[in-house]
Ligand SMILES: Cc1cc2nc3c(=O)[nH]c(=O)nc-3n(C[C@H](O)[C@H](O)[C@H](O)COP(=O)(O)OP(=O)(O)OC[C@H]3O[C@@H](n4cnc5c(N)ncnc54)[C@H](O)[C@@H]3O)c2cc1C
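Shown next as structure tokens: one chain only, the form predicted alone.
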Amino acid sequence: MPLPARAEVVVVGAGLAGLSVATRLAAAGRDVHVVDAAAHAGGRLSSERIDGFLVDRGFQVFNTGYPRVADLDVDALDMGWFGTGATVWADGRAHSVVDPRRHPAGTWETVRSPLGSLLRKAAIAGFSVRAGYEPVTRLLSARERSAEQALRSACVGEVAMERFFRPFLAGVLLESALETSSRYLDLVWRSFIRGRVGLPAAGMQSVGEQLAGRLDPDRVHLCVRVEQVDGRSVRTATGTTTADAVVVATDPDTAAALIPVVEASAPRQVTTHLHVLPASPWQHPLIVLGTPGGRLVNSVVVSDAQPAYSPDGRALVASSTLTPTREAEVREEVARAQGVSSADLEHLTSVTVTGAQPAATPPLQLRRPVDLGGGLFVCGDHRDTPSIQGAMASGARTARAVLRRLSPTAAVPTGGPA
């Protein structure tokens, strides 16, 4: 359905940032329309069925440690949960490293894990306690450096750095040099300490669809590509819509193309290979970390955490690399990570996601401006942190800014912490 000729607010982009804006404006009684070139709501959160298996666009997870998750109905997502920790391979054996608060039965194996001396493990615990429980204001005022420098300063040790932190964080930050800001490292680690990680029964796309479901379906316009914007209008192939405010909530590259003054990019990428096994080789739903010198950053049986991803009880395995790879190049490595024969692996599909997320290198730029003046606004994770949290937080900030413009003398609800 094309956009109307006139709307109070037009939001360009039906990802989490744009939907966060739109749902807040709609709740405030504003006439808001959302437009997106894609055929579904959710932006980069995209899922599809392949041979009955549920496949997300790259290996993505839902983290309840993000503050903005409070905006969602988590129970309605019917979550399946990963264990808090990871499996590490060393000396030909798989070792579980878990958070003893949530998995007390795994405490002894974690203490004995090949991540260095007890002193080094105590340093890891100290780093985790600091990130998890110090006030965010203190974390953000700490000396900023690279993530690698911060971890070395925390004395986690070389063994833990290479066997655990580097591959684990590479899968989150989508870069293995750990050049990401130490302040963002603290925020990311805090979310893992305080939250749980899992997958919705209907796939990650259902997170965006839940937000879109709060809007009048006649005001969500999919498969409509926007050609030009300014603070008063949006032009598509079917015509021009005038508005009192226009919000560009697209991916960073599209935002920069539509608004040349916006500096935004998403240089991180990831390739995920999906395989099927007759059954899971593991007893617990833990991510398996890549080994030093290998191409994989991680490999995980996603159906162990969320059985709904499999149609028939077989195991769905997702294995990721930071550079584009062919399945044949990593097949043996996937088999070793899962402790199976490569002959047992049935290749389902492979997905390379370019522009997967922005970089967060020093200096970390939190809460970049969203009000560009003249009725034009921009939001997305490139305005906050490269995450679901960053997208939704920037959307919340933008909604408040739009409401201030539309009703400059009215009290604007804060909507909770950003």
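It should be emphasised that the depicted structure is a prediction, and the values quoted were computed from it without experimental measurement. Residue positions are given as counts along the sequence shown, with the first one as 1.
Form predicted in complex with the named molecule: not shown, discussed below.
Of the residues given (402, 14, 396, 10), 14 alone sits with a heavy atom within 4.5 Å of the named molecule in the predicted bound form.
Contact with the named molecule in the predicted bound form, defined as a heavy atom within 4.5 Å, holds for exactly one of 360, 54, 32, 35, namely 35. Look at 207-215, 341-349, 246-254, 106-114: in the predicted bound form, residues with non-hydrogen atoms within 4.5 angstroms of the named molecule sit in 246-254.
Taking the partner from the other structure, the named molecule in the predicted bound form has no heavy atom within 4.5 Å of any heavy atom of residue 68. The named molecule is not shown here, and in the predicted bound form it never comes within 4.5 Å of any heavy atom of residue 284. At least one heavy atom of residue 59 is located within 4.5 Å of the named molecule in the predicted bound form.
For residue 45, a non-hydrogen atom is located within 4.5 Å of the named molecule in the predicted bound form, even though that partner is not displayed. Taking a 4.5 Å heavy atom cutoff to the named molecule in the predicted bound form, the contacting residues in 342-363 are 353, 356, 357.
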